[in-house]
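Below sits a lone chain in structure tokens, taken as the form predicted on its own.
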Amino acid sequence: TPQVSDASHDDETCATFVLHGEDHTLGNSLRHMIMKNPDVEFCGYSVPHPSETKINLRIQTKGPSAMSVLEKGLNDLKKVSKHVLDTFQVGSL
């Protein structure tokens, strides 16, 4: 479960999530999937320090909650990853 690191939880359309044990591999892929959502105004990530295995993911939306957008982005990325894996497994038979 991602940790929300915003000081104010009043506005659910903006949030920064801290994803522990992750790096650019997930950060860039997830940012790309989330930015494809037309309800998203901004999505970006950063690695606070190269020796830390965590990323900060910032999401700002036009209405839906940032958490729901994150969940959709993760599900979309999972579907794309499964399709790629299935395609390569069929091709290697």
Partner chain sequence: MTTEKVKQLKIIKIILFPQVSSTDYPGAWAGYDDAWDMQKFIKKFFINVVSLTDTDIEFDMVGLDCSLANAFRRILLSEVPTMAIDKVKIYNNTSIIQDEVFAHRLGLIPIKADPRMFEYRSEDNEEGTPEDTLVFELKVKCTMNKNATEHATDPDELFINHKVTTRDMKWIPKGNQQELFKDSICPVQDDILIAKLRPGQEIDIEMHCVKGLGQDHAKFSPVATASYRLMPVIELTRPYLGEEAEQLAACFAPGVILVEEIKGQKTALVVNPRADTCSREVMRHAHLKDGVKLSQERYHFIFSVESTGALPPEALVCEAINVLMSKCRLFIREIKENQKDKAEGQELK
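Everything numeric in this text was worked out from a predicted model, so none of it was measured. Residue numbers count along the first chain shown, from 1.
Not pictured, yet referred to below: the form predicted in complex with the partner chain.
Proximity of residue 37 to the partner chain in the predicted complex falls within the 4.5 Å heavy atom cutoff.
Contact annotation for residue 29: at least one heavy atom lies within 4.5 Å of the partner chain in the predicted complex. Contact check for residue 57: every heavy atom lies farther than 4.5 Å from the partner chain in the predicted complex. For the chain shown alone, residue 14 is not a contact residue for the partner chain in the predicted complex, no non-hydrogen atom being within 4.5 angstroms.
Applying a 4.5 Å heavy atom cutoff to the partner chain in the predicted complex picks out 67, 70, 71, 74, 75, 76, 77, 78, 79, 80, 81, 82 from 58 to 82, in order along the sequence.
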